[in-house]
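First, one chain by itself in structure tokens, the form predicted alone.
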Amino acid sequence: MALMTPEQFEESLKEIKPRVFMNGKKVENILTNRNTRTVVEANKASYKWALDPKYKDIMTCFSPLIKDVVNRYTHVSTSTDELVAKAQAGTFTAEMLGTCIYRCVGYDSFHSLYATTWEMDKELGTEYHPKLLKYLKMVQSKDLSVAGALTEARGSRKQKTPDWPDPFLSLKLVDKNKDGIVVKGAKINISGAFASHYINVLPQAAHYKGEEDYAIAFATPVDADGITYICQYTPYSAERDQADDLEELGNPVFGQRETSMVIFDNVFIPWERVFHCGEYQYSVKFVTRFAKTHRMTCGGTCKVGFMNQIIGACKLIQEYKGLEKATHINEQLMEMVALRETSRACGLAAAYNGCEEPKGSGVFLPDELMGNVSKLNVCNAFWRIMALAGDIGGGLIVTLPSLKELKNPDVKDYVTEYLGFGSDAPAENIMKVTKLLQNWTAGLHGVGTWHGAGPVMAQKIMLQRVIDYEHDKWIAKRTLNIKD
């Protein structure tokens, strides 16, 4: 069986030496740095669940490529049933982690790569698809973690890409020879790549004639020469760095979503890992096929798992405070559940209405309309759920003392008494649940949800392109007996 154990995964990371910087210092070891360790733990959990009889049906599937059972996060969906299973896995991992499963962008990028390389070979006579299949087989047989990277800094939107004063604000080909290509530039806001084995790199945007050097897609080891990771650093990062006990944190093991800017400084990519090079007409297909897959993931699957955590924490707070009969809180909880289920329904609809794209390729992608509706819907729904959770949790969410005070002999008794609210639950439990709500409602997740898989305007633009009003017009004319 092509499945690694969690211990084997961690051992494999010891062989990787990515160049990582955080808070003005080099991270010497991603396994021991408290913030980068959260990414290791999140990916490690996916290996554990794949071997757990309770969860293996969610986290594994059979791959016809290698004729063996593989981790679902290395698979390409070949039916609507597999898209549904993909959606269910997204919810499961999100609710179990309370943060990103950092393999999801790579997972989604494989769908785009598979579909588009197949189409390019068919229409142009290129030979990208066999190379992709060989790479994918290697990933599956070794059970590798693969990250994905699209977003770029980019230059002035008033100018065309070739007119930017800095040509490397979008990742650019700078050389190619018989052995491969060399690229220079950066990808930004990239989730967890430094604790993976490979990165799948796609173009961020459509490209046009004269922009051939920007029309590139490839895979590279995370520690290839010339790659540098400059990590995010937030108040939550600093808090984790300084915590005496990680149990004080809102998500002790898996933390907040960790991202980095990935610098490509003249990085060499061998031809066997190059899947798009100069065929600018197809850049947009890499982007849109990734987007429709990832918007289903972000919109109707992982955020549903996050909502489950928030709703559970709010229900606990209600019970700890003896507010089970408070009508307004019960109505708020009911609204949160309705928002969650609406989000879930959109994600599942995108999966159920998916289809093979392109025809004959064998890869199934979510329905474009429902995938974009899913992401657009969850943006507003998640903000609303955070607001409701903030109301239920109360001002303590942002005024909470440190859990260290429970070990401080000078104030321990005061904190225990007054933050216990006369409840049967210990003050420590109440404070921990409140800290979890702080993690969600006063943390990074609001903006992260809004912009992950593209900001709201991206979904609106795509919806304007794909909505077909002809059936609606026909219904209205039929009702009124209007003849053309």
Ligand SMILES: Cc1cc2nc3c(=O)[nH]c(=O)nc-3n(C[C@H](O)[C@H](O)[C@H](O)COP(=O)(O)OP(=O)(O)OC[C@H]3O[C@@H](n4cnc5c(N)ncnc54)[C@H](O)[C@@H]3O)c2cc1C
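Quick caveat, the model's predicted, so the values are computed rather than measured. Counting begins at 1, following the sequence as shown.
FYI, the form predicted together with this ligand isn't displayed, but the following is about it.
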Give a yes/no on whether M59 approaches this ligand to within 4.5 Å in the model of the complex, heavy atoms considered. no
Is H451 close enough to this ligand in the model of the complex to count, meaning some heavy atom within 4.5 Å? yes
Taking any heavy atom pair closer than or equal to 4.5 Å as contact, tell me whether T80 reaches this ligand in the model of the complex. no
Closest heavy atom of T91 to this ligand in the model of the complex, within 4.5 Å or not? no
With the partner omitted here, the residue among T126, T342, T151, Q309 that in the model of the complex has a heavy atom within 4.5 Å of this ligand is T151
Of these, T161, T288, T228, N189, which has a heavy atom no more than 4.5 Å from this ligand in the model of the complex? N189
Tell me the stretch among 251-259, 167-175, 213-221, 237-245 that has any heavy atom within 4.5 angstroms of this ligand in the model of the complex. 251-259
Between this ligand and V105, R157 and P455, in the model of the complex, does every residue show a non-hydrogen atom at 4.5 Å or closer? yes
Residue by residue through 66-84, which ones have a non-hydrogen atom no more than 4.5 angstroms from this ligand in the model of the complex? none
